[in-house]
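Okay, so we've got a single protein chain in two different forms coming up as structure tokens, structure 1 first and structure 2 after it.
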Structure 1
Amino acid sequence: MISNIVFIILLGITSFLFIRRIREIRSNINLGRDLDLSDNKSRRWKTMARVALGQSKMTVRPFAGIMHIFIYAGFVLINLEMLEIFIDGAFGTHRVFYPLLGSSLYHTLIGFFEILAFLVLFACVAFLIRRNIGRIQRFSGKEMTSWPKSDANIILIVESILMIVLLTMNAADSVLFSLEDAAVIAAGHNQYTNIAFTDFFWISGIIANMLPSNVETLYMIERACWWIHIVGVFGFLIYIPYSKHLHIFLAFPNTYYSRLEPIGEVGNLEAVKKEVELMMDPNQDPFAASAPDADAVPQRFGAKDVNDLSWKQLMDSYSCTECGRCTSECPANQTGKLLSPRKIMMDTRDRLEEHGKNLKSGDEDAKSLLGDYISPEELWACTTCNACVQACPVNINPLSIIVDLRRFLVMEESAAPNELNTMFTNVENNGAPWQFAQADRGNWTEEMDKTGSG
């Protein structure tokens, strides 16, 4: 009885903290500029199904991809067992699904979950080794400071522990079930006699063979594992939204709201479009526009801080798992330049967190994403090749943030590198990035005429 109450209280606290944090993230994301992505619903669902549910971009790197699918499948499917654990916890039942599903189906299901749990454990250990012993370049890098590194390790270690206690719990349980009922009842643990097990489970059977047959010890092991597991799950749930591990939820909406246009398309700035039309289109009447709202703050061209970015760009930043596939594919990063697309995403998220906190507490700082987090040198190293966009397993677009920050530098600050200013002047005056006369554009045709061959 007391354990039911403890369970329900823990569940309540966890839900409260989890929901509070999710709402905070939601309101931070909503600090971004409006962007209407309510179109093309069926294509969006398909993209989500393919990229998030189907992990299509993960398997581009087969080892990490397959290991990740183990963890992902384990996480999703073992949650069905979690349902039973929750019901048992709340109502004091024990393996409530057993009588409902029948012995053989229950056995098969749990056995299947155990195989998944084993694969999760295997993948977590493999990932821990890769991260900490293997020399994989993308797990270092200057944005991979102590917190991102320990964040990754905490997640992998907690997941491993969860799987170990889950398997040990099943092992102790199945030994108890296999004992003579009389002995178990004599020890006062009637609930462990309602299942008539003939076999151990597939994986935990290995552990079961190593356990003692003392009823009280088995009971203690089973209960301890049950509680470690559930407290671990609750703790994890509270931890996830503060961690890069948030991708397990955000991967789905983030891929749903993916850009559907060809990735080479950046999009035209609407504010600029109006200005250019007023300037160049003789049919536009500058006085026809309604009087501007006196209180309206004119929108910046491009982005200086997180609130100049769209909500989707902000959602991207929270969806980032810091895997570094973007950075490892980035031509600038590979050749030693300062730019790292992963850092762009992490900086955006960190600044957004800071900005959100400032808004809440009411004190503003003089900081901004551009300058205090991301330097112009990083931005000017980008070749806009889209390798980072292509590489991201959850369809994050670091390039769109880079371009928006460049737009601010150029259009609001006139702070482009000198050579680019020269290029701009040439385009403006000569219609080409070099200083050639536009009238000479067709000269090559005459060259062909003259020589007959070119």
Structure 2
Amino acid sequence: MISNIVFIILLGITSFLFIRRIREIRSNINLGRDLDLSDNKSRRWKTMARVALGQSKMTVRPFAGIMHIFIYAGFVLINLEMLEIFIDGAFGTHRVFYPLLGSSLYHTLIGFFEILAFLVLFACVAFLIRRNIGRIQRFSGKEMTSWPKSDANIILIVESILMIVLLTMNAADSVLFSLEDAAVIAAGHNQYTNIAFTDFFWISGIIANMLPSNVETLYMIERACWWIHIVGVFGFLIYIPYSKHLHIFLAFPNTYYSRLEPIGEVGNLEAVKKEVELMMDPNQDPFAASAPDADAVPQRFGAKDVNDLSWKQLMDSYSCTECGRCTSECPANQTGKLLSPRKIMMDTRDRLEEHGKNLKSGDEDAKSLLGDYISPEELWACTTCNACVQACPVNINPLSIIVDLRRFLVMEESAAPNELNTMFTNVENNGAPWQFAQADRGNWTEEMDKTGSG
């Protein structure tokens, strides 16, 4: 009964802390501008199924993709065994599903879960080696400070420990089940009787050969592994919402609400679009129709801070896996320029966290995303090629944030580079980016007429 009470208390604390953090993240995301993404539901479901569930963009890099699928499949399917562990912890049972499923099916399922656990362990070790020994270039960068690097290692190490203790727990169980019932009952552990098999699978069988045959020692090993595993799972759940691994939950809504338009299409600002439409409509009085509401707060052109971005862009920042695929594909970054799309997303998330805390505490906040976190030099290095958008395994769009921040620089601050200012002047005066009057646009054809090329 004491162990059951301890388990329930730990479960309650974990649930409280996890839910509180999720609500905090949701509140921060809701600080963004409204954006209606309720269209094309069937296409959105298909996108989520293909990208988030099917891991279609992960396999572009085969080794990392396959290893990630091992961890992903293990995380999803081993939770079925976790359900049994939770029931056992709450009600004091042991292997509660065994009598319900029968010996053959239960043995098959546990064997399958052990294969997954071994593959997860193998993938975690492979990723640890790649990150810390292989020196993969995309895992470095000015934004990859000690915390992002430690974050990835912490998760991989914790997952490895969880798989090791799970397999060891199964191994200890299998030895206990193989002992004579009389010996087990004499030791006071009746829950280890009436089990019709000796080994769950070959993996636990290998570990079982290294364990002692003493009932009490085996029981202590099994209970220690059970508690290490469950406490590790609880700690993992509390930790995830503070780490980049929040993407294991947000990848699904983020891909569902991802951009459906062609990635090369740049959307217009709604306020500017409305003004142009009024000017082009001969039946409208643009001055009367566009007169501002006296009580309305003027909408900022572009974005200066996180609250100027849409809720989807803020969700993108929390969904970032910090894998660096976007930055490794960025031509500006490859040529040594300051821009890193991954840094754009990490800076947006960090600023959103800071802004949300300041709002909650009522502290003065004089900072902004543009300037304090992201510099104009980074923004103007972007070529808007969409390589980062194409590379992201969960359909994050760093370019949309870059474009909105640049719009603010141009339309609110008049802070475009000189080359662009020259182009803007030409467009305003000549109706084209070039420094030629409209009447002279066709002059180049006269030379062709003289040479007979026309």
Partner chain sequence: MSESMKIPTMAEMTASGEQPEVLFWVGCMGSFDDRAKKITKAFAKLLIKSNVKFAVLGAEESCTGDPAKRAGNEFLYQMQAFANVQVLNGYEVKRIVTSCPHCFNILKNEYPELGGNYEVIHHTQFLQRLLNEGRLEVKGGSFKGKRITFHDPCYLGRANGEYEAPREVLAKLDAELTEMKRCKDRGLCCGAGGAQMFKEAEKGDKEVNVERTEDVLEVKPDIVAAGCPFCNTMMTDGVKHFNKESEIEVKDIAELIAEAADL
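If you superpose the two forms and keep the largest set of C-alpha atoms that fall within 1.5 Å, you have the rigid core. Just so we're on the same page, residue numbers count up from 1 along structure 1's sequence. These numbers were taken from a predicted model, which means no experiment stands behind them.
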* When you get a sec, tell me if the form predicted on its own is 1 or 2. => 2
* Asked: After superposition on the rigid core, does the Cα atom of residue 439 shift by at least 2 Å between structure 1 and structure 2?
  -> yes
